[in-house]
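The data below hold one chain only, encoded as C-alpha cells and taken in the form predicted alone.
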Amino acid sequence: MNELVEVPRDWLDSMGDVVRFGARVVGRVAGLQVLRYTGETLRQAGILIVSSTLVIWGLVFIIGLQCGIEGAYFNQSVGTPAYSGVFAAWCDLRELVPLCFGYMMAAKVGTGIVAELGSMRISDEIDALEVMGISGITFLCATRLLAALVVLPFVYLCSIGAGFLASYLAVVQQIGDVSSGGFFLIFWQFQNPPDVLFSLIKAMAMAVLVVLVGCYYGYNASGGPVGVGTATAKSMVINIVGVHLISMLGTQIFWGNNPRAPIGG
C-alpha cells in the first residue's frame, strides 16, 4: 500500500523539478544569455528542420484526409453534403492539427532530446562542458528551446496548409459531393483570422512543454543506458498528458464560450 502511495508522490516531486528546471531554461532564453551560442542554436534549428518537418507534415496530411472523409460522409448521411467544409475548417485548425503536432513533437523531438542529452550525461560529456566553463543548461537546453521557437511556428503554419489540402482532396476530389467553389464558400465562412493565431498558440505551448520536459529528463539522466531509456519513457508519458491538457485548456479558453460560428440564432 505504501508503494502505491509513493508512486504519485514521486511523479508530483518530479513535476516540481521540471517546472524549476524549465524556468531556468526559459530565463536563459529571455535573458539573452543563449545568444552567445548562436551557432549551436542555428545547428539545432537545422537538425529540427531536416529531421522532423516532413514527418510532421506527413502525419498532419493523413489526419486531414481522415477528417475530410469523416466530415463528408457524416454530412452526406444527414442530407447536408454542401457543409462538409465545416469539418475541415474546425476539425483541422482547432483540434486535430494541434494534437497531431503535439503527438509528433512528443514522440520524435522530445524523446530525441532525452536520448541525446542522456547519452551525453552518462558519458560525462556534460560534466566536461561544465569543467571548461560552459553552462550546460544554456549551451544544451536553451539553444534547443530557442531553435524550436524560431523554426516551429513556420513548420506549424505549413502543417495547417497540409491538413487543409488533404481535406480538400478528400471532400472535393475523392468523394465529390460538393464542388470546389461550394466547399471553399463554407470553408471560409466557418473560419476567423484569430483562429489561426489561437491554433498557433496551442501548438507552440505544446512545443515548449515537450522541449523543456525532454531537456529536463535528458540533462538529469542517470543509471547508464537503462536509466536513459527510463527517462525517455517518463518524458513521453508526461508530454502526452501535457499535450492533451494544453489542447483541452486552449479549446476552452479560445472557443469554449464563443465558437464564433456564422449560424443565425
Partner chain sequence: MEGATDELDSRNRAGSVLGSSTTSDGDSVRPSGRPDAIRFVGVHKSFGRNKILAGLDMGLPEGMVSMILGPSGTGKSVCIKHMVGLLYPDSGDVLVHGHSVPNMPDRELFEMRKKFGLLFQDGALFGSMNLYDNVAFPLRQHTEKGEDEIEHIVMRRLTEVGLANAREKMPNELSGGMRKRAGFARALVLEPDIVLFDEPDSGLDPVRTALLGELIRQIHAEMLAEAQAAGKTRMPTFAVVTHDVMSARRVADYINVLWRGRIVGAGPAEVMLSSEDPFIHQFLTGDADGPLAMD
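Residue numbers count along the first chain shown, from 1. Everything quoted here is computed from the prediction, not taken from an experiment.
There is another form of this protein, the form predicted together with its partner chain, and it is not shown here; the text below is about that form.
- Of the stretches 181-189, 115-123, 98-106, 70-78, only 115-123 has residues with a heavy atom within 4.5 Å of its partner chain in the predicted complex.
- Interface residue among Ile175, Leu149, Ile160, Leu129 relative to its partner chain in the predicted complex, by the heavy atom within 4.5 Å criterion: Leu129.
- When you look in the predicted complex, the only residue of Trp90, Phe139, Tyr168, Tyr83 with a non-hydrogen atom within 4.5 Å of its partner chain is Phe139.
- A residue is said to contact a partner when one of its heavy atoms sits within 4.5 Å of a partner heavy atom; Pro193 fails this definition for its partner chain in the predicted complex, lying far away.
- For the chain shown alone, Phe61 is not a contact residue for its partner chain in the predicted complex, no non-hydrogen atom being within 4.5 angstroms.
- Its partner chain is not drawn, but in the predicted complex it has a heavy atom within 4.5 Å of Tyr37.
- Interface residues of 133-148, taken as those with a heavy atom within 4.5 Å of its partner chain in the predicted complex (partner not displayed): Gly133, Ile134, Ser135, Phe139, in sequence order.
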